[in-house]
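Below, in structure tokens: the form predicted alone, a single chain.
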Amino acid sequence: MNFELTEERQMLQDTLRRYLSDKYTTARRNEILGSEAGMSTEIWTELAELGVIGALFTEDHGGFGGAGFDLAVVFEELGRAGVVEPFLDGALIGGRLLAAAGRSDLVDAVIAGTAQLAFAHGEPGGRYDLDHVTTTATGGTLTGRKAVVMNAEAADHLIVSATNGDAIGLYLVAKGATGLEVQGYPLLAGGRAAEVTLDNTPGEALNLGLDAIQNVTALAIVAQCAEALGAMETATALTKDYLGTRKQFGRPIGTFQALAHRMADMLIEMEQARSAVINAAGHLDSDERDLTLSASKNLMGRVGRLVAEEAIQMHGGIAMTQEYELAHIAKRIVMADHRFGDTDYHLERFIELSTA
């Protein structure tokens, strides 16, 4: 099997990496994190103009990519640079749901970078179960509560899951709709989320159900794994550079056998992580999609924790300072495990799917 990127994907990767290395410095990120919005509309618009959002959609939906490896290329670079703008939630998840619903008008706006979305699905007590929905839809209005809704404050529309009888459906809710309350807060790994309350809030049915939620979650898992991989690449590179420059007893500390062995272990684990992302991206359209995604997500969680902890320990106290790149990257790696199912959840899911 050929694991090399196609010419188009290589160009996308090179363009995105050059842009982010120039524009997304640690100081710039800290400035964004300290802002009230928790994101930069300038960065969002410029990346949209570069075609980054378009790479997340198929040609049928107005984009030029949309496959698993397209998602992996984009989100690995976003993770490598520690980008806090909500491309996963504000563009990929919401946009692909609207594409599945045939809402080309809104999808075009998302690809152009002029519209943002939020997917309000998780609920208090729901854990990672996709079919846990207590929000109700009655007569075209929604009532319920959604938890940790990423990008809810900045979203022009929310896509809300609700039950209508025994079936789960998705509904489009406009920003500022009657009975819609959004209480936002910053997240540990950067960006913002919100608790969303709906009280007889009008919503437009999208004629999508649980299958659409499962499909878009599969895309999100690939993207999240790729983003974590990019962050781990940065953490590993920072650690390798630090071990080569920090001196003790007149020599770089990376020459000490104990630290050299730990660095080697990190590099070996990184190769496993990259293989897991490739495996996940390549199985999005296969019959073994869910089994492969659970295996990959579990491995990424375990490797991510090891890389983050080892990087911090080998750096020492400097790794905990906000002005140093690793401080943010390590938090991103650790918190990535808790989105779309953590290591324990996906281990149990893998066992269940393997024995079914």
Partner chain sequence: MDLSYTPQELAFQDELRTFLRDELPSDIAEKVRMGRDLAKDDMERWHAILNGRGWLAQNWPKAFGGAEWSAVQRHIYDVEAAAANAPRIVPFGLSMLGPVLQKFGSKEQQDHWLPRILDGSDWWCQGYSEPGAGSDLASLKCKAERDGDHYVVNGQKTWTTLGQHANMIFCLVRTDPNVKQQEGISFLLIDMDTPGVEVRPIILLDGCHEVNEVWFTDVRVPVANLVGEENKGWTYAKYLLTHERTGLGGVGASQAALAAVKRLARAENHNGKPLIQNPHFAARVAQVEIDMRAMATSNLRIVSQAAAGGAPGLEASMLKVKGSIIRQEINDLARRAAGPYAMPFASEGVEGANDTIPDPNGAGPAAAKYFNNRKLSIFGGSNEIQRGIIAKVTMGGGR
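Positions refer to the first chain, counted from 1. Just so we're clear, the structure is a prediction, and the values are computed from it rather than from any experiment.
Not pictured, yet referred to below: the form predicted together with the partner chain.
> Residues in which of 65-73, 47-55, 24-32, 312-320 have heavy atoms within 4.5 Å of the partner chain in the predicted complex?
Correct option: 312-320.
> Though the partner chain is not shown, can you say which of 103, 246, 274, 175 has a heavy atom within 4.5 Å of it in the predicted complex?
Going through each option in turn, the one that passes is 246.
> With the partner chain left out of view, which of 211, 265, 241, 129 would have a heavy atom within 4.5 Å of it in the predicted complex?
None of the other options qualify; the answer is 129.
> At the 4.5 Å heavy atom threshold, is residue 186 in contact with the partner chain in the predicted complex?
Residue 186: contacts the partner chain in the predicted complex.
> Is residue 16 close to the partner chain in the predicted complex, meaning a heavy atom pair under 4.5 Å apart or at it?
Flag for residue 16 set to no.
> Can any non-hydrogen atom of residue 289 be found within 4.5 angstroms of the partner chain in the predicted complex?
Flag for residue 289 set to no.
> So in the predicted complex, does residue 237 come within 4.5 Å of the partner chain, heavy atom to heavy atom?
Residue 237: no, not in contact with the partner chain in the predicted complex.
> At a 4.5 angstroms cut-off on non-hydrogen atoms, which residues of 129-150 are near the partner chain in the predicted complex? List them in order.
Going through 129-150 in order - heavy atoms within 4.5 Å of the partner chain in the predicted complex - the hits are 129, 132, 145, 147, 148, 150.
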